[in-house]
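Next up: just one chain, as structure tokens, the form predicted on its own.
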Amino acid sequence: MSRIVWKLLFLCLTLFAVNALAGDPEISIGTSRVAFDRIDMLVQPLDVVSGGTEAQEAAWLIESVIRVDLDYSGFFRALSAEDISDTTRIQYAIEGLLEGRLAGTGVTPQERAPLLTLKLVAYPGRQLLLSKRYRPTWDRLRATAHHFVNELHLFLNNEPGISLTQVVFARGDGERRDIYCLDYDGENLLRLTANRTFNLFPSWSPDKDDVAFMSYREGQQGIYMLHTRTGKVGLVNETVGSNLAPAWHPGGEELLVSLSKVGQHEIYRLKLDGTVIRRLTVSPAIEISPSWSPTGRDVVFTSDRTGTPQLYIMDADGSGRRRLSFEGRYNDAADWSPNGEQIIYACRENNITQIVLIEARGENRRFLTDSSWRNCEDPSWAPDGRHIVFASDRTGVFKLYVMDVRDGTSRQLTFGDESDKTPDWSP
């Protein structure tokens, strides 16, 4: 068994984690930018017709969020009027109007809410393509801007964007880690658990109503379910031994887990009440980290049956196993792309763990990170099939980063001194 697999099992079974703090923690990481077939989008300042300074600040916030969403999408490049030259070809522009409350009016949050109109127009001629009217309370201004960009993305690309998505992850060190979530742009950090124990491997349900995760909240390692609307937590499965890495079926009616109740870790399908539907693997090897294909017909997982942890794919009933990876001393944490055509995973070579992209048929394997990233772990796809989130210790402590797999741009998502690991991007 590889050193990394031992480390994973030791981490989960003994509640102890050791983070390798390599190099200078003062390294500054920024967002890298590469021009890559982006559509220029002129973002005009909102026309504020009433509301004074309060309305002006609201307009500035909305404009700022829209610009960030456009740049982070990978499809658009947000421009201001001063960015335009004689050679710039503008195809689209965003315009809008904000009516803030008049002085001395408004008692409830709804009465104080501004009236906001946002429009997408085409150039030349400013042909109206999309218009949305909102009355957001002041605490919903960011969400409103995200919603408009999502609608814009849907209108122009015939699919929703990622501006309304979130990332859930585990934060902490040693014997205590809690589950957190934040918006895709790093805002609105929210702590979901506070049980003074070890919580790891959070996983979004397809409808975003629940997060399944591994926890020692009752003393014994188990799989738990947190309802995102109420915050209530319930037990799914708690068997003797390890209960690792829950993964949701695309239909939302069952989970994949790795259990060691019969000795070595094997992969099972469970109902949401913990009932075993089917045991998928029977092997003296360690079988961990299962992930469903988008159709629910296949499962990718890690096994050391050939001596080193490699990736395998099997049918949903456990039959038809075939090997996917053949390189690297350690391969784990595979995640299927939303369209089912690609798989990302962590691969350890030359004492560094990197993120690798491979076609689901095993072709065109390529590294997405290099040694400048140091160790990278736990990749997860965004629902657009273009972006991924993963953990890297390039600053000396594991933090989360987002990467565009098409143009290679990246940005740091989380900050601080505590370790952030096992992220999962919401649908």
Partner chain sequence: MNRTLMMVSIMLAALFLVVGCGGSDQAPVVDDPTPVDTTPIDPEPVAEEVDTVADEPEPIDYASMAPQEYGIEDVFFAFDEYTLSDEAMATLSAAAGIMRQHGDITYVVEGHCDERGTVEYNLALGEKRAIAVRDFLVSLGIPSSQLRITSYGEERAFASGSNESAWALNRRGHFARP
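Positions refer to the first chain, counted from 1. Everything quoted here is computed from the prediction, not taken from an experiment.
What comes next is about the form predicted in complex with its partner chain, which is not displayed.
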Is T281 close enough to its partner chain in the predicted complex to count, meaning some heavy atom within 4.5 Å? no
Even though its partner chain is not shown here, does S242 get within 4.5 Å of it in the predicted complex, heavy atoms only? yes
Residue-level contact is defined here as any heavy atom of the residue lying within 4.5 Å of its partner chain in the predicted complex; does I179 satisfy this criterion? no
Answer for V299 alone: is it within 4.5 Å of its partner chain in the predicted complex, judged on heavy atom distances? no
May I ask whether S203, L270 and S293 all come within 4.5 angstroms of its partner chain in the predicted complex, judged by heavy atoms? no
When its partner chain is placed as it is in the predicted complex, which of 123-131, 182-190, 242-250, 141-149 ends up with heavy atoms within 4.5 Å of it? 242-250
Students should find that, of W336, Y216, Y72, Y224, the residue having a non-hydrogen atom no more than 4.5 angstroms from its partner chain in the predicted complex is Y216
If you check N195, T137, T228, Q264 against its partner chain in the predicted complex, which one has a heavy atom within 4.5 Å? Q264
If you apply a 4.5 angstroms heavy atom cut-off, which residues in 163-187 are near its partner chain in the predicted complex? G174, E175, R177
